[in-house]
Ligand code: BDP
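Given as structure tokens, the chain that follows is alone and in the form predicted on its own.
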């Protein structure tokens, strides 16, 4: 299929024709609605479009609405600048002072049917854009009458993708090809893919993008790269998307040739102020900086005897005249073999609460270790009432099987968002902390580490597109259910057949729990291969740091398994509110998914399942592998209703996933058996390979 040459051309030829679906169109498939009666009903309310605004974002909203309706309805939908006819959709920008404007906020909108027309009302152009996409989503998912009207506004102000893209075109933890950004062609050549990326983000409410890796090169702040950043900002702006950059904290020395990067040094402060001014000369609506400092070897203020607050506030001062933000990552930890990495970000940042400038946001990963398949929520959430905290999720599947495994992440995101911090009593969920409801944060942010790349279908594994979609929908409204998001995506992307949609939804909703079972059941964590973080390596005992090994976390011995984080162990449990601690504090009542996160449990201990720890561990590994086989069988049933290219892609990857699940099962069961010294539970067939054979297989994974 030829590459599309621009927005209008892309939209107008969005009908599938005879070509197979290669995944490029994502969920923005404005194909003809196959149900004639439904198509007729929708056509009666979408015969004309009125759009009188001339700003770039409003124009984009009008173009998207027109082209989407023409594809879905199979006939032209004229645009007029004024006037009224029955069946008109009006895009209306409300004047300042209108009663609805305060209620809608910057990005909200109201869809108001009645009197032969449908009005999409907003206080700002971005609201019109999001309203247009909501209207199209209603048609794509075959919405029912009465579902369309009402006010929608985002619960979080900045809904952001963090790209871990590098200057040379690689992506750290990227599994879908090279970087989207063709840095060496910019700014002269603008790939049409940039615009298609922007419209995909806008369609799910994403309004901010960090272009480069948090392990940042200072090169991005040079006159060589700033024109390239400007070119991308110019493409993204009509879709309501602001550009941010990750920066290297040592840039004053690297670029400015200063003797120090000490944030309290006057020359350093002056250098950053001038550099920020220079950035804004290229991108007047620039969003700000994302900073990884004093983490995993990255430079930061602590090298100069200063705190994270000192470093963040120095940058915040430079941004204050321009209205920009500093987003400071809390992912910090030291290599202490006797410590607990679980506690270290809390111990560093909690004492700094209230010391950060008003335009600083501290960005916290969803869990205390590092994007594991399952983690308890990070204890910093709810613990910093005076400092806005941003959520950082990972959409790319660094610890979740890369792009050979089908793992739908909405349940993982929801598990964290719905957790109760009890910061101000019951109901102080993580979601309500980050949206500002609990502590009245003036700025709110939810970020996701992007899973996109240069592969034609954007995410390599076709089904991983659902994770990009899910992140955007939850960043807009964290109260949406995983089931609703899965059904929306399936209907917009794959099929409208009710039976097939139900099957695909069930596969998606169960996939994350299946992955946990065959990799890290019952609270095991960080036992994957080092370096690339792929495949099982529970025997890993040596690395550059003790907390990069597996034995640091699972603590297996002849007595039992698991990391004791009670008062008798590291006491990491004490970082949570008493109400949060209580369900996790007693190994006799702790829910099995978190048991080994918080307790070192004897192999013979009976669990709530009625089985011993050893028997339950083995059964979980075997059940997870069997569930992958069941996913394969269920996928076969949707073949008549899914595009052949899509179907074949997913079928092949599920076969790979089953092979990898067997590797995980056999490696972990055989390794932990050397400590438990117990036979497998009755009914389970022993692995056909030895532990030494599994170690040789897994060693191949780590070759680079």
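Please read all numbers here as calculations on a predicted model, not as lab measurements. Numbering follows the first chain given and starts at 1.
Beyond what is shown, the protein has a form predicted together with the ligand; the following relates to that form.
- Note on the partner interface in the predicted bound form: the residue among 600, 512, 329, 275 having a heavy atom within 4.5 angstroms of the ligand is 329.
- Here is the short version: of 370, 265, 487, 506, the single residue with a heavy atom within 4.5 Å of the ligand in the predicted bound form is 370.
- With respect to the ligand in the predicted bound form, the three residues 22, 191 and 455 uniformly fall beyond 4.5 angstroms at the level of their nearest heavy atom.
- Of the candidate stretches 221-229, 127-135, 379-387, 291-299, only 291-299 contains residues with a heavy atom within 4.5 Å of the ligand in the predicted bound form.
- Heavy atoms of residue 564 never reach within 4.5 Å of the ligand in the predicted bound form, leaving it off the interface.
- None of the heavy atoms of residue 475 is located within 4.5 Å of the ligand in the predicted bound form.
- Mapping the unseen interface onto this chain, residue 254 falls outside it, with no heavy atom inside 4.5 Å of the ligand in the predicted bound form.
- By the criterion of a heavy atom within 4.5 Å, residue 172 is counted among the residues contacting the ligand in the predicted bound form.
- Residues 214, 215 are the ones in 189-221 with at least one heavy atom within 4.5 Å of the ligand in the predicted bound form, listed in sequence order.
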